[in-house]
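Encoded as C-alpha cells, the following chain is the form predicted alone, with no partner shown.
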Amino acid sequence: MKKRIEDLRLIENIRLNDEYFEIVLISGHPLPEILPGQFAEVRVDGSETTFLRRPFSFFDTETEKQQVRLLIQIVGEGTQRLSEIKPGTFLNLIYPLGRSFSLPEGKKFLLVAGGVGIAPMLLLGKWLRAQDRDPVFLFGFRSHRQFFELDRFEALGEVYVTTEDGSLGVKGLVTAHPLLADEGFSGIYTCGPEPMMKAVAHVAAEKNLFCEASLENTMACGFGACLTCARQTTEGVKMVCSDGPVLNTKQIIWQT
C-alpha cells in the first residue's frame, strides 16, 4: 500500500475532557485507502523536546470529505502542543502505516478497549458494519472524568462501560465485565494497556476464539527501519510499526 508524506490542514481541535482531544484534518487530495488499525506518524512542530514523530491510530475517516480524525491522549509535551493547535494550521503526516485488523468468518464480534485504546475502535466498528458484521463495544476507563460521548459507537452497536472507581457503568476492570463470558461472539479485537490485552487474549484462547490486538509500542519511524519497536513473537522478531501494530494474539509474547 502506497504511503504519503503530506501536510493536512487542521479544521477542528475538539477538547473532549481534561485528558483527551480529537483533531479533524483535511487533505487537499482524495484520501488513500485507510483501514482500521492503521496509523499516521505526525510531526509535532513548536515543541523543543519532541524530536520524533508521534504515532496515532485513525479514529475515523470521511472519504467523501477528504477528512481524517485522530483521538489523542495528552501524555507529554508533544501531545500537549497538539492539543493547543488552532484551526488553519497544517500538520505533516506520514500515512497510512501499519497492518490493519483482519476479518475472520463469523457474525458478532467483541471490541474491547481501555483508555486511548479506544482510538482504532470506531473505524473498526464502521468497517465491520460495512461487512455485515455486528460489533459490540466494551470500554474501560479509570473514572467518569475520562469519559466522553460515545454516541458514534452507539450508532454502530451496543456499548458497555466499566470504570475502576465505579463512577460510571460497571465498577471494576474491563476484563472482569461479565460480557467477556458471553459465548455468542465469533472473535475479539482489543487495544489498550498490555495487561488488559493479555487478559483478553487469555479469555479468547480459553474459548478458542479468533483474537487480534493492536499493540502500542513506541514507533519512531513507522517503516521498521529504526528498530525501536522490535518485538519478540512466536514467529521471531517483528517490527510493530510495519508487521503490526495489529497481531493475532497467538503470536504475541506478552511483556507483562
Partner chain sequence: MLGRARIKYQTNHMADLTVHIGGLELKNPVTTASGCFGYGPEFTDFMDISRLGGIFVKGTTGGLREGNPYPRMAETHSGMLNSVGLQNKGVDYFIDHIYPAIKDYKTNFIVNVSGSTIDEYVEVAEKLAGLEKIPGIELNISCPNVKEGGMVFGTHCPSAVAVTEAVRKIFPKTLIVKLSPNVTSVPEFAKAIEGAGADALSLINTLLAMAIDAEKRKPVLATVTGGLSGPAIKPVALRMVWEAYHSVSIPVIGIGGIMNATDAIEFLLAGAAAIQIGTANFIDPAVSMKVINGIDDYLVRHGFSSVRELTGKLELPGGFNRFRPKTF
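Since the structure is predicted, the reported quantities are computational estimates derived from the model, not experimental observations. Positions refer to the first chain, counted from 1.
We do not show the form predicted together with the partner chain, though everything after this point is about it.
The contact with the partner chain in the predicted bound form, taken as any heavy atom within 4.5 Å, belongs to 219 out of 68, 219, 197, 211. Of the heavy atoms in residue 63, none are within 4.5 Å of the partner chain in the predicted bound form. Remark: residue 239 counts among the residues lining the partner chain in the predicted bound form, judged by a heavy atom distance of 4.5 Å or less. Although the partner is absent here, residue 202 sits far enough away that none of its heavy atoms falls within 4.5 Å of the partner chain in the predicted bound form. In the predicted bound form, the partner chain stays beyond 4.5 Å of every heavy atom belonging to residue 207. Residues are counted as partner-facing when one of their heavy atoms sits within 4.5 Å of the partner chain in the predicted bound form; in 217 to 239 these are 217, 218, 219, 220, 221, 223, 224, 225, 226, 227, 228, 230, 231, 232, 236, 237, 239, in sequence order.
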